[in-house]
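Just one chain is shown here, as structure tokens, and it is the form predicted on its own.
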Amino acid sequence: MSDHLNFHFTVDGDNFVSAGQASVQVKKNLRELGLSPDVIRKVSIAMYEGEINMVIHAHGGTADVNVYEDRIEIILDDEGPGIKDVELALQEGYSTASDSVRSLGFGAGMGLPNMKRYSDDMRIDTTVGVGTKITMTIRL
């Protein structure tokens, strides 16, 4: 028997119609598991922000949500342009989103700050020109 549950999703890049579907499904899955509303809220927000960032900046990627007895790990992996300046990207309001993305109501520069705010731990592994892997942990 596995030591955790895994929910795997492919995030469709540049598709704002389906953006957020993975985070909605994770929310349903966590409710079915009987997790607390506070944990579900944190996971849902962190997951949604990451998913939207992959659509906006990385032309999609994969999202894995691993549920352990003591924590939930969200792993977002893409082959996008990478993050040139992580410290700057973590500042509220900083965004490299295009004007067309902003006109849709996205790209306000709160994605990474909210991901950090709603997770207990967040690691960003990024290489410019190769991609980004973000691992967020929410303790149960």
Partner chain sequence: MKVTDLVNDLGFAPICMPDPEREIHGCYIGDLLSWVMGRAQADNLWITIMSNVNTVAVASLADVSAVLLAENVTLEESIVQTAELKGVNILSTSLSAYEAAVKLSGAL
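Not measured: the values here are computed from a predicted model. Residue numbers count along the first chain shown, from 1.
Another form exists, predicted together with the partner chain; not displayed. Remarks below refer to it.
Although the partner is absent here, R117 lies within 4.5 Å of the partner chain in the model of the complex, judged by heavy atoms.
The shortest heavy atom separation between I75 and the partner chain in the model of the complex exceeds 4.5 Å.
In the model of the complex, the partner chain sits within 4.5 Å of a heavy atom belonging to L104.
Put simply, H59 is far from the partner chain in the model of the complex: not one heavy atom of it is within 4.5 Å. Using a 4.5 Å cut-off to the partner chain in the model of the complex, not one of P81, K84 and M122 places a heavy atom inside that distance. Contacts with the partner chain in the model of the complex, taken as any heavy atom within 4.5 Å, map within 3-17 to F16, V17.
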